[in-house]
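There is one chain below, alone, in structure tokens, taken in the form predicted alone.
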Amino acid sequence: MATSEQFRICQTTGLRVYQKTENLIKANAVVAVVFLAIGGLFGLTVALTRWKAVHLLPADWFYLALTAHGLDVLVVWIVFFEVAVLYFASSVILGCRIATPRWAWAGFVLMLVGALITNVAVLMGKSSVMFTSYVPLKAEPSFYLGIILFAVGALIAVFVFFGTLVVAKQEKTYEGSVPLVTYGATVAAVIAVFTLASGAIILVPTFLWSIGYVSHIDTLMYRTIWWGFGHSSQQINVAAHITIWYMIAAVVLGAKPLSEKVSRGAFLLYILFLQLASAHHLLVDPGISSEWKVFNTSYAIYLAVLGSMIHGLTVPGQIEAVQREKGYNNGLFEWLRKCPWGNPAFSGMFISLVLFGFVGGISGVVMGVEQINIIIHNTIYVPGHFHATVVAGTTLAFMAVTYLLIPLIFRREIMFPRMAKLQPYVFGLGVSGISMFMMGAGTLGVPRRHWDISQADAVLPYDFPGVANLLMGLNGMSALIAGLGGAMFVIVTVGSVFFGKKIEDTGAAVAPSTVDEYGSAEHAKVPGTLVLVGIFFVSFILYFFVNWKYLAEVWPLR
């Protein structure tokens, strides 16, 4: 049983913070940012190579950088940060001790060792198999071993999270149902169990294949199971960053969800149907029926999409509701204009919401249509889409909540406040350009994995339209802007954590926060949000129509 001396009260939120939890959150968050910086640097070299006028790297270095970039930003940075979020959403929000802290540290060590082993394997130059590591491409055994160790460590962290929920229940540190932020984190943890299990099922035999103990890995079987890990890992991200949207709205503005039950129901749809989207990457694979593909890529006839649309209404809706309670009632959008846009936590969250919904969400549903997928599958449209989801959606949301965690967990003031205010806008601008320009180039057929857009070394070279070269050049420029935004984030966070002015406990009154409460906004009216949702639906319909029309032009019926 933890003593009262092992807890402190956060002066920003009033939350009880357990010392051992605080240390674990610090460790996971710091390592996450380090790997974000490393992975982002590799990503910048990839973008500059795909820019025809620069063409930075030779082929072997390009594929090495692409492999390292995918590993470090799609897995290592995000999962380390998600572990920090899980510990915060359980122990801190529920005001309880963390379960089995020694096991939590063991999980952290396994994740760190695994990440380092795989990175070393890639940098040695014999494991440039890219993020997907499709067989029969074979990496060094240490490449697979590192990922397995990382996954085991992450799975330990997930079970520590579940154990902490049990501790809170037993010690009665909350009443009734858990707060919505904890509920959303639980959904992310449930999806994580499925995801990590899928990775173990396929990567363990692949590791044995790499050392000669297994003679053959079936390629279709590998792709089908691997995407249960590869794509579902991004579904953990979706649940996690939407949870962070709710959290930031609650901490910064004191907002409550429009309806607790509706928001929780939307999260439940994620558990039931979100992982089905792994089939997005199998739409042109032989041996799998069209019925299976249609059911899976539509998230069971769009039930998971319904969940995302609910969150797309309720998050801005609860912001509008609390702003109108504060008196911002003039017109449809005074509430939006008067939001704290100078607060990087809020601005980063809202930019993440808009880009994830309008760019990532719409493009994801459209590319999941079996017929349309044919014209964009394995083109650079695909990474354009997931830069809108994983980078503009998840990474930007994680950056935003970091601006809250630094004073709350690290107890340091934010250094370079002007740079911090600009950072979400700079990063959001760069990432939106990356996404849009890559999707445009992919629509023109630019391949997803080829190191040279001109394909000068190909046996049968192909000249893309001049606009494709222009789009890839704009993608390179956007990558430079996003890289600047990423560097600003690293400078602010590292400077604040290690050199920021320490926040002392003054015993001052605690600012109100709803992040640890259960309850809905009362009598909320959100006409501005309904207009924004209407604009979203119109955009969705138009983009859907444009893609079907384009398909009809490239695939005419005779």
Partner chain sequence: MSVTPPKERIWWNEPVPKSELAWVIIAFVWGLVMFFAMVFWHMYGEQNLSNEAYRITAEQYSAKTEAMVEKYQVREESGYPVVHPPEGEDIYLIARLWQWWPILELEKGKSYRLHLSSLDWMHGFSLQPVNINVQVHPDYEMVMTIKPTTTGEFGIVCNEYCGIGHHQMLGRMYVVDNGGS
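Numbering follows the first chain given and starts at 1. Every value quoted in this text rests on a predicted model; they were computed, and no experiment measured them.
The same protein also exists as the form predicted together with the partner chain; that form is not shown, yet it is the one meant from here on.
- With the partner omitted from this view, the residue of R223, R412, R324, K421 that lies near the partner chain in the predicted bound form is R223 [heavy atom within 4.5 Å].
- Checking V109, L332, L480, L303 for any heavy atom within 4.5 Å of the partner chain in the predicted bound form turns up a single hit: L303.
- Looking at P417, you'd find every heavy atom of it more than 4.5 angstroms from the partner chain in the predicted bound form.
- Proximity of V467 to the partner chain in the predicted bound form falls outside the 4.5 Å heavy atom cutoff.
- Put simply, T379 is close to the partner chain in the predicted bound form: some heavy atom of it is within 4.5 Å.
- Interface membership of P286, defined by any non-hydrogen atom within 4.5 Å of the partner chain in the predicted bound form, is confirmed.
- Of the candidate stretches 467-475, 425-433, 70-78, 438-446, only 438-446 has residues with heavy atoms within 4.5 Å of the partner chain in the predicted bound form.
- For the three residues A99, E171 and A345, a heavy atom within 4.5 Å of the partner chain turns up in the predicted bound form in no case.
- Shown here without the partner chain, the chain has Y246, M247, A250, V251, G254, A255, K256, P257, L258, S259, E260, K261, V262, R264 in 244-268 lying with a heavy atom within 4.5 Å of that partner in the predicted bound form.
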